[in-house]
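A lone chain, given as structure tokens: the form predicted alone.
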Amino acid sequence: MSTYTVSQAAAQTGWSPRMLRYLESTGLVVPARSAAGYRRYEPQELALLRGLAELRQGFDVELDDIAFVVRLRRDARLRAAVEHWLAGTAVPAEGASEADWIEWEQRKHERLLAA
């Protein structure tokens, strides 16, 4: 199976080598390492990188948003804490008015200050 260096993976996917290193540090796309310690991207990582770019563009989300979702999936305690917090909030429905969102934000900040 062919593998790609960080520079080759960058050229194939449109991400910069520096960004690929960042993505690895966040745990979003982690390539295998060669015996000498070099990153070796396989076709599945290249597909993940392309999909990540499409996800960001298609849904206008940032990498830190996606990284947080990954943390939620991996960390049961964090997931439980967020679920507990969400259970105490009534997030306005899609299409809610600006006033509903302002009220929700105000309640959220009051809870944070009380904690």
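Numbering starts at 1 and runs along the sequence shown. We call the rigid core the largest set of C-alpha positions that still match within 1.5 Å between the two forms. Fair warning: this is a prediction, and the values are worked out from it, not measured in the lab.
This next part talks about the form predicted in complex with the DNA, which is not shown.
Q: So in the predicted complex, is the DNA close enough to Met19 to count as touching (4.5 Å, heavy atoms)?
A: Because a heavy atom of Met19 falls inside 4.5 Å of the DNA in the predicted complex, the answer is yes.
Q: Is Arg33 near the DNA? Define near as a heavy atom within 4.5 Å, in the predicted complex.
A: Arg33 belongs to the contact set for the DNA.
Q: Quick one: is Gly37 in contact with the DNA in the predicted complex, heavy atoms, 4.5 Å cut-off?
A: Looking in the predicted complex, residue contacts with the DNA include Gly37, since a heavy atom lies within 4.5 Å.
Q: Even though the DNA is not shown here, does Arg79 get within 4.5 Å of it in the predicted complex, heavy atoms only?
A: No - in the predicted complex, heavy atoms of Arg79 and the DNA never come within 4.5 Å of each other.
Q: Looking at Leu86, Leu63, Ala53, Leu72, which is the one with a non-hydrogen atom within 4.5 Å of the DNA in the predicted complex?
A: Looking at the other structure, the residue within range turns out to be Leu63.
Q: Ala35: CA shift of at least 2 Å between the shown form and the other one after core fit?
A: Superposed on the core, Ala35 moves its C-alpha 2 Å or more between the shown form and the other one.
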